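Just the one chain here, laid out as structure tokens, in the form predicted alone.
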Amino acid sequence: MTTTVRRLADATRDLPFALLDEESKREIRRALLQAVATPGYQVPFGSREMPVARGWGSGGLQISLAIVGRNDVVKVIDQGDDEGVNAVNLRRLITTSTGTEESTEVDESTLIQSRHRIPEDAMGEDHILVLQVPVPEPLRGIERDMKELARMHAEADYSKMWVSLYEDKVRNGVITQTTGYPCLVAGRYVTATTPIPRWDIPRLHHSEFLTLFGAGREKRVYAIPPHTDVEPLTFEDVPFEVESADGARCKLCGSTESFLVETPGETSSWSCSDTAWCRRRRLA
């Protein structure tokens, strides 16, 4: 029994670099190249079984493992927090299977995997952002038939999406959709921006960094290359607005210029979603 346990504990020594075999990584990279060449287009790929449950970032994890290099520095965040359970486990899996260094600082990192947030810090051409995607199809809420969805994307027929936004506006007075707001990428494909808040969407427009999206359960990848038009769907007389709260201020660093979330269990108390950015601001 002791020998078996030891062999299991030492099994990582026999694993290939970045856990996946080379053929799997090549297939994922080929899909990513096609996605970069056609911004916003959902490219199917053979999603592998990963040591995480589908829906817990398996798509983003496969992208990270396929493109990570020995000299990369990895940062993983979960809704802005480097110490979230999802972030800690994914970061540990990437670093232990590759031997790469990890960091909580954006300027020290080259590969950033995230769920539901884009870091507040500015990123440049040396950064690659990988976003975990639960539902890659932006039209899923208005059309269920897969053949019809494929036709709508092929013909750029997004009239139902516009009707849905119009009904939302008429019914509620404002467009209530917050996370996963639909955007037109490169003037062609309507894309699901994943459950990032509307606050982060302007960061994707003509960004300096490459953004890769991975949906393991749906077996799809897509991309927004640097310097690409990303336009939120909106009407001429209804300007696009990001989330805001009158008088909201981070209780820790006093920021009013970052994305704030309500502190759990406290009424009218706010704190920065990006914990690393907030911590550095307090130290400064």
Partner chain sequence: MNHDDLLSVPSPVVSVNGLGKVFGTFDPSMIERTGPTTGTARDAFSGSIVAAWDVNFEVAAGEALGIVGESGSGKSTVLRCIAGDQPATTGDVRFTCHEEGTVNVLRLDPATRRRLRIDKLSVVYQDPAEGLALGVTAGGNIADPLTAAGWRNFGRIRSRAAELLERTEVPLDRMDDIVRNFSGGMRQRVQIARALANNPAIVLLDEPTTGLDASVASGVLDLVRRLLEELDLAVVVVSHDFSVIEMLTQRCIVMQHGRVVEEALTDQLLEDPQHSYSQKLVAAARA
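Residue numbers count along the first chain shown, from 1. Bear in mind that the values here come from a model prediction, so they are computed numbers and not experimental data.
Keep in mind that the form predicted together with the partner chain is missing from the display, and what follows is about it.
Between 203 to 211, 89 to 97, 162 to 170, 108 to 116, the stretch whose residues reach within 4.5 angstroms of the partner chain in the predicted complex through a non-hydrogen atom is 162 to 170. Proximity of L33 to the partner chain in the predicted complex falls outside the 4.5 Å heavy atom cutoff. The partner chain is not drawn, but in the predicted complex it has a heavy atom within 4.5 Å of D237. Although the partner is absent here, E155 lies within 4.5 Å of the partner chain in the predicted complex, judged by heavy atoms. In the predicted complex, the partner chain sits within 4.5 Å of a heavy atom of R151.
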